[in-house]
Structures are given as C-alpha cells and as structure tokens.
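Next up: a single chain in structure tokens, the form predicted alone.
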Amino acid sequence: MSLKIALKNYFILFLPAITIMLFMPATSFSADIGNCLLCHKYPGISRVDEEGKLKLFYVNEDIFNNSVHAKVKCDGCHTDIKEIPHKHAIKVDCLVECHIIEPASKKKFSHKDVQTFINKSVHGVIDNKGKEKKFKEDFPTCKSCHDNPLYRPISFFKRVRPGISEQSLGRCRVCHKSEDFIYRSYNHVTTRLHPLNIAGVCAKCHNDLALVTRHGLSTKAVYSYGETFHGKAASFLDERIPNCLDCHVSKGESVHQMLTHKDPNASTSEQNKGKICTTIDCHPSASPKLAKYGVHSEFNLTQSPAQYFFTVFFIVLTGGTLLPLMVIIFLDIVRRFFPNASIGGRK
C-alpha cells in the first residue's frame, strides 16, 4: 500500500474523532483532562469510610460544566491525586493556587486574600487578642456558604433589571471576541443569589438553636427578617430587596469582611447604621433615622416594649371581638338544628 493511500485511510478513520474534539464544548474535556469521569460519572459510586459514613463520589457532568468552576481541572483542587486508581483523597483546600493567571500580577490566582478577610471578620476563629474563640468548629468554612448552588448573573444595579447586563457584556466585547469566554467570565465574576437564597445560606447557622445559644446570638434573626417588609417581598422573589450582605457588609468591601456591630468600622455599628438605608440602591433621599427601624425586632417586652404592647393590644382586641361572635354563631346553628331544645329540661 502506498504512503498516499495509507494517509488517506488514516485521515478517514480518525476524521469523526477529530471533528468531535474540535466542535464539542471546551468544558467537556478541559476540566476532565485526567479522565476522572471515567469512574465518577456513575451515580452510585461511593464508599463507606472508617467512621461508617457513606461517601458519595458521583460528579454530575452537566452541572459541573455549567458551574463557576467549569474551567478548573480536577487535579487543580485535588492536588494529592497523582495516580489512577487513587487512594482516598484528602479534603480540598480552597486556598491553593488556582488555574487562572491574574492579569495584573501575571501570577496564578489564589483565594488566600479571602481567608485574610474572614480571619478579621466576625466569622474568624481568632479574636482581637489573638486567642482562639470557643467552639471554633461552629464557625463557617468556604464550603459552608459556597456549596455550588444555582447562581445567576446580575446587572450591576438591582433596580434596572435582574439578569445579564447587556451593557457590561458590550464592554467585554471591546477586547474579547469569544462569546463563550465572555459569558463564562461574566457569570463567574457577577453571580449572586436571590435575597431569599442568601437568607437561607445564613440560616444554616443562624437557625441552629444550639449553635446560636452557645455564642449568645439571637435565636430569631432569620425569622425576624422574614417578618419584615423586606423579608415578605423576598418571599415573593423580588430581586430589588436587600439581603443579609447588603446591610451587614460595608459598601465596596469584600462580602467576607463582616464585622460585629460592636466594631466602630462595622456597617451595623451605631455611628454607621444611618448609611445603610440611604444608599443609591435603596432609599437615597431618606433620613438616616430610617436605619433605626428594627429590621430584626422580635417584638418582646425587653427589646421593643412599644411593639410588644401594640401587638398584645390587637391580639386581645381581635380575640375579644371574634370569639364572642363565633360563640353566638355556634349557638344560633345549634338552635336551628334543635329548635325545641332547652337547658335543664325546660320547654
């Protein structure tokens, strides 16, 4: 067989495979360059660990390929995996150097700065005196909040229109020509959760009665937010409503830099509370006194006596009006069914 015929047959044989590789989405093979999905694509793949707990190792390829980590290679996070089949993988460290080259420094990106913010925040395990806080196992880690939920891209101003900001994408297109790259990069850096979802993330800890009691926190922080106008509107999926982060993090700061209300630099401190409600996204023409409204008012006698007595008054008024009316209606119904009935045998 001549060399020309051999090359022709070789090209015809491998043309379908080459075509598939060229036109299939990049995320389908770029992240799984080690062919990890050869095993992890099966929903039932799991093992029972030394403590008797079932560990599921299934990876949903479709969900992963549409997540913010779609471009990350498997060994980019699982750095201890060097062979296949591999031994039990160690816990992923979110602070390792990432796959992305940061344009300004030309170095690999890392989330270490995020940990610095957390250490200085109310969620850090070290207090201001450099001592380890009690019950350090209660404090959140990266995966406590970032469990890869359904993030959605937003426009930069909630009042305009929730969803993808076409104006922002237009700016991206000035330099970047790949639509796939533009959308993925945009989704990565502008994603957010709905206010109701964010409250749900915070509720993982703040609705844990034992946890909040150990730390002397309010047991009804999430519930009281849900009882306010903001919480009610969030339950109807209003995108414009402020969430926990909008109030508990100073504008322009990292969302991980949440400080206790006793800290003078905190957005919720007495001297800064007035600035929360008067931002351009909320109530720019309102008085700073608006922030004195108790967003987390629990309507008890100690925290808010005025609201407490007001609530009790209307409960008594409502009960005192409706209960006698219900008794009268009930007796009227009885009389209609038993017109000749009498008490004590009298006719």
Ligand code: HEC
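For every residue, the number given is its place in the sequence shown, counted from 1. Being a predicted model, the structure only gives us computed values, none of them experimental. The term rigid core refers to the most C-alpha atoms you can superpose between the two forms while keeping them within 1.5 Å.
Below, we refer to the form predicted together with the named molecule, which is not included among the displayed structures.
Asks: Do N243 and the named molecule share at least one heavy atom pair within 4.5 Å in the predicted bound form?
Replies: Yes - in the predicted bound form, heavy atoms of N243 and the named molecule come within 4.5 Å of each other.
Asks: Taking any heavy atom pair closer than or equal to 4.5 Å as contact, tell me whether T268 reaches the named molecule in the predicted bound form.
Replies: T268 belongs to the contact set for the named molecule.
Asks: Heavy atom to heavy atom, is I45 within 4.5 Å of the named molecule in the predicted bound form?
Replies: Yes, contact at 4.5 Å.
Asks: So in the predicted bound form, is the named molecule close enough to E239 to count as touching (4.5 Å, heavy atoms)?
Replies: No, E239 sits far enough from the named molecule in the predicted bound form that none of its heavy atoms falls within 4.5 Å.
Asks: Going by heavy atom distances of 4.5 angstroms or less, which of S185, Q167, S178, T141 would be at the interface with the named molecule in the predicted bound form?
Replies: That would be T141.
Asks: Though the partner is not shown here, which residues of 110 to 139 have a heavy atom within 4.5 Å of the named molecule in the predicted bound form?
Replies: Sequence-ordered list: H111, V114, Q115, I118, V122, H123, K133, D138, F139.
Asks: Rigid core fitted, then: does S46 show a CA shift of 2 angstroms or greater between the shown form and the other one?
Replies: S46 C-alpha, core-superposed: shift of 2 Å or more.
Asks: Superpose the two forms on their rigid core, then report whether the C-alpha of K55 is displaced by 2 angstroms or more between the shown form and the other one.
Replies: Moves: yes, 2 Å or greater.
Asks: Please check if S218 moves between the shown form and the other one, taking a CA shift of 2 Å or more relative to the superposed core as movement.
Replies: Comparing the forms between the shown form and the other one, which are aligned on their rigid core, S218 does shift its C-alpha by 2 Å or more.
Asks: At a change of 3 Å or more, would you call the C-alpha separation of T219 and T268 in the predicted bound form closer or farther than in the form supplied?
Replies: Residues converge in the predicted bound form, at least 3 Å closer.
Asks: Closer or farther: the C-alpha atoms of G294 and T219 in the predicted bound form, versus the form shown, with a change of 3 angstroms or more?
Replies: Between the C-alphas of T219 and G294, the gap narrows in the predicted bound form (3 Å or more compared with this form).
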